[in-house]
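Heads up, the chain below is alone and in the form predicted on its own; it's given as structure tokens.
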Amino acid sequence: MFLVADNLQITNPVFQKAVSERDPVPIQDCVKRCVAAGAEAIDVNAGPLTKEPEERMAFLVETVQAVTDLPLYLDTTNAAALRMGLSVCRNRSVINGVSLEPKKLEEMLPLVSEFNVDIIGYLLYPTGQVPKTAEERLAVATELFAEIERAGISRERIIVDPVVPPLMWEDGVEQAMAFLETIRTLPDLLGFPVRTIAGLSNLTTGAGPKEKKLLVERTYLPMLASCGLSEVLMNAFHDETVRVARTCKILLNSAIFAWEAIP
């Protein structure tokens, strides 16, 4: 299970200020801490970037890749900014992401072929709404892969995100279980080893005691791993959750077990 750090988010006022003032230090400090914590990739969440989109995205990507050679997941809804980010990125890059929303299909899919990169595919309706059940998510997956293939893109390029729900939703627990069923079923439905990703931080969105939120993270993560999850997008500074993720990876490996390997 591949660990992608979601700590670098432009909604954080510290990073907003850093980008506005073109100050690389706060961003690079965050990235270095993520790498030290065990992250295997960095999600560069630039948001919509309504102001100076291309310049700001280029600054973000160049700032991050100056201190790490890890893969960068370029996360923005602004297609012009994304193109610029891909253009200047020397590290392996992944587009985060696309869905059945018409504008995203039109703007994001051509970049996959142009830059020879992978892309995260969200299982959302064309309206942007989240399907409620596993059956609905699987139907959306079938439609999304049909769109991908119509665009001439290899299905192996897609990392599927069935969308982890906040538990605080009225049906949050039911949807969290539907997420598990979806990633368990996708390979049989589509007939190949589908890569999947989960935004673990979504699970505990909203108010709640921090320690209980962390406990829920650490409980749900092994459930994801046991269903065959390929990648997890998570807070790299949640030390115990990272330890659980790394331990899950060891237990799912066919290598000979050794206690020394446990973090």
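Sequential numbering from 1, following the sequence displayed. For clarity, every value in this text was computed on a predicted model and none was experimentally measured.
The form predicted in complex with another copy of the chain exists for this protein as well; it is not shown, and the discussion that follows is about that form.
Q: For the interface check, one of 220-228, 24-32, 62-70, 191-199 should have non-hydrogen atoms within 4.5 Å of another copy of the chain in the predicted bound form; which one?
A: Stretch with heavy atoms near the partner: 220-228.
Q: Even though another copy of the chain is not shown here, does P48 get within 4.5 Å of it in the predicted bound form, heavy atoms only?
A: No, P48 sits far enough from another copy of the chain in the predicted bound form that none of its heavy atoms falls within 4.5 Å.
Q: Does another copy of the chain come within 4.5 Å of any heavy atom of A36 in the predicted bound form?
A: Close contact is absent here: in the predicted bound form, A36 is far from another copy of the chain, nothing within 4.5 Å, heavy atoms only.
Q: Might K17 be said to contact another copy of the chain in the predicted bound form, defining contact as any heavy atom within 4.5 Å?
A: Contact with another copy of the chain, no.
Q: Under a 4.5 Å heavy atom criterion, is V244 part of the interface with another copy of the chain in the predicted bound form?
A: Although another copy of the chain is absent here, V244 would touch it in the predicted bound form, with heavy atoms inside 4.5 Å.
Q: Would all three of L111, V140 and L144 be in contact with another copy of the chain in the predicted bound form, where contact means some heavy atom lies within 4.5 Å?
A: No.
Q: With another copy of the chain taken in the predicted bound form, which residues across 190-212 come within 4.5 angstroms through any non-hydrogen atom?
A: In sequence order, T204, A207, G208, P209, E211, K212 come within 4.5 Å of the partner.
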